[in-house]
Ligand SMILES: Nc1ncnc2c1ncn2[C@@H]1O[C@H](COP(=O)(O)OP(=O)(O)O)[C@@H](O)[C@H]1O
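The chain below stands alone, shown as structure tokens; this is the form predicted alone.
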């Protein structure tokens, strides 16, 4: 089903978050359709991570609500995966065991866990270090472990908070392609927060541009480009420039 014809997966109503007298999120309203890959961009410190933390219920909202499939967002009920900015590996588990951890929590059968873990490690180049521990691999490797763990559970909703910012350009493009492939295969709903405008245009179907604090939605950009996307396509360049100007001028 084309995304534009899909039902609403996430509905954000008047989402507001305050820390004392500081208003970070200011009455944000929008919807995300089932199977949509949505990117969120904005200036540093505008509240992108706070929004994801509210969505995942790691942090309570001050006002408003976030609904998933018409119900209040609940990580106990909804299949939500979260990839953080910083690596979140468990130091006492091997690379392979870290990749499999989410599947174990979801009680996926052991054989299926092993098959999925092997497949995803092959995709991101972790197979050669599968039996090492996090303190034996590089910081970029640890982030790849975290991304692999999120992919492995086949999530209904995948939250990604600038997951590739610490990775080199070649690996970042590779993982962006794998994200798109996974999204198209599973029909997952993905919220991808990034400060990299080119990355947002490359992966997303739609981009929300946020303002400075108190944060609201400044603009919505539809990315009507075919896949695979070409970074030097004139339309790609135009969209990148459009988003850049929206962030640059306030």
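Residue numbers count along the first chain shown, from 1. Source: prediction; values computed, not measured.
Although not depicted, the form predicted together with the ligand is the subject of the following passage.
- Contact check for residue 24: a non-hydrogen atom falls within 4.5 Å of the ligand in the predicted complex.
- For the chain shown alone, residue 50 is a contact residue for the ligand in the predicted complex, at least one non-hydrogen atom being within 4.5 angstroms.
- With a 4.5 Å cutoff on heavy atoms, residue 44 counts as touching the ligand in the predicted complex.
- For the chain shown alone, residue 213 is a contact residue for the ligand in the predicted complex, at least one non-hydrogen atom being within 4.5 angstroms.
- Annotated contact segment (heavy atom within 4.5 Å of the ligand in the predicted complex): 36-44, selected among 64-72, 36-44, 201-209, 180-188.
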